[in-house]
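Only one chain is included here, represented as structure tokens and corresponding to the form predicted alone.
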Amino acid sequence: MSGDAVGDIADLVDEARELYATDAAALEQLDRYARRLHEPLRLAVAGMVKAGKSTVLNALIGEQIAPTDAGECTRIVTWYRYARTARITAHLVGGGEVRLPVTRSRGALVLDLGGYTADEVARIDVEWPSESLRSTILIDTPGIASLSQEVSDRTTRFLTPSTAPSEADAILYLLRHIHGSDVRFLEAFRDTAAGGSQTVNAVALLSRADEIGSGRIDSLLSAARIADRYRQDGELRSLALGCIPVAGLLAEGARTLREDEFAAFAGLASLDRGTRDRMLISVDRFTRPSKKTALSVAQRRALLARFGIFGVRLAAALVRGGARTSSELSERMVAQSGLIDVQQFVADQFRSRAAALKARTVLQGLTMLLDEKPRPGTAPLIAGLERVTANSHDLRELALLAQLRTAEPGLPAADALAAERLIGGSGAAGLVRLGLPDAAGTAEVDERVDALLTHWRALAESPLSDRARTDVCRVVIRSIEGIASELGVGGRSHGPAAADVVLAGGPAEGGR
């Protein structure tokens, strides 16, 4: 979405401020919308209790700053955002705020509520000097389907409010298997955040993937096969853009690996194979008193708490495989954890669309405000909302993506899949949308663009295409033309009136 479009939306917020100048609650809401347009993407981490949310969040940040125990703080919605100096603020229920101490223990941040209970704190803001937070605000949420209904309700009210857009622009939803509670929550998030299913902006993470194969070295391969089945699941496919296996504990431990831990893994790797294999058969065997290793029982228990049995087995194997320093071991463990796939997905699907996701939320919020609190003289503002929505191709892509995921698209299966890819369903980069490798040359790109435009224009102009199919084609055609402009190509099918015809996706590979 262009800066001009964001500026137009900011102008609409200012117009609304004039209309609601005497309504303090509305003005506060409009101030939040104005700030939201200019702040980083808001990415919430959610899931059922014990899904591993905080460990994944710590892995994404690269530091242990989200509490992972079952203390009071895990019952509170906690925001993590970038700042040059660390500061922690508790916002109290009913108003007011309290500065909390910044305390660390063994490298981990300790959140101390200072005598307040979770029921007395509305949210916690953690400002932290982490480069990972410059482009994304991360939000940790209490587990849904908790034994405490109030704890579950906190997340539900925050992410799926009934009278306002969601506070999150997108969501990482952790699940261990597809449960009814997971489906119901994702349905509510899609419908609330999107304003009637106008986008799909969640990704499912198959969490604690290292436990799926009982901690065996090949556990993540088993998890990848399960995640692939989930990706094809019709129910989950309509609610999430993908399903990625991730071993959160491994990723967190790897990104915060300490030198003493590397030395411990090096010691395990130096044992003879038979001794090492017997020690690593199970958690129970690994924590038994033994004279075969210099590591005390307490040290081995600490390794298990930080990395799990899978992480300990993997680390020892990687050291034996050539990881000579803690940095090398950290990099290799991160690569095995699935974290890089999650980071790449967030960059491709969410941060690349950050402006459109935020704009959609603000537009939806303005529309809801006008509906709930009608005022004389709103006609120009309503017209402005309609104009911005109609002129934003990014928003049309988001709406079409949801349509392709949640309803019968009225297209042949191959064309439906191609359309989804072309509007960014597999990633926003131009070559990804075209289905071409990174090494594709200009001639190959130009040929692909020509073939796609020819195909989709023919489909749009076919006498067999109804209005719905033609509308889909127009969006896809506009997307293809945008890709051509982005990549600096212009093929035989490009014409001066191309943007006025139909734009949608492209034929299936090999369908030219």
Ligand SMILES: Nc1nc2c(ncn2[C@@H]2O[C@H](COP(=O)(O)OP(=O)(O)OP(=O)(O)O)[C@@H](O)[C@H]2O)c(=O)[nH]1
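Please read these numbers as outputs of a predicted model, since none were measured by experiment. All residue numbers are counted from 1 along the displayed sequence.
There is also a form predicted in complex with the ligand; it is not shown, and the following applies to it.
Stretch-level contact check against the ligand in the model of the complex with heavy atoms at 4.5 Å: of 466 to 474, 41 to 49, 447 to 455, 480 to 488, the positive one is 41 to 49. For the candidate spot formed by T74, R208 and E211, every residue has a non-hydrogen atom within 4.5 angstroms of the ligand in the model of the complex.
Taking L159, L249, L241, V312 one by one, only a single residue has any non-hydrogen atom within 4.5 Å of the ligand in the model of the complex, and it is L249. Distance criterion of 4.5 Å from any heavy atom to the ligand in the model of the complex singles out G143 from the list G143, P245, G424, G253.
Taking the partner from elsewhere, T68 is found to have a heavy atom lying within 4.5 Å of the ligand in the model of the complex. Residue contact check for S54: one or more of its heavy atoms lie within 4.5 Å of the ligand in the model of the complex.
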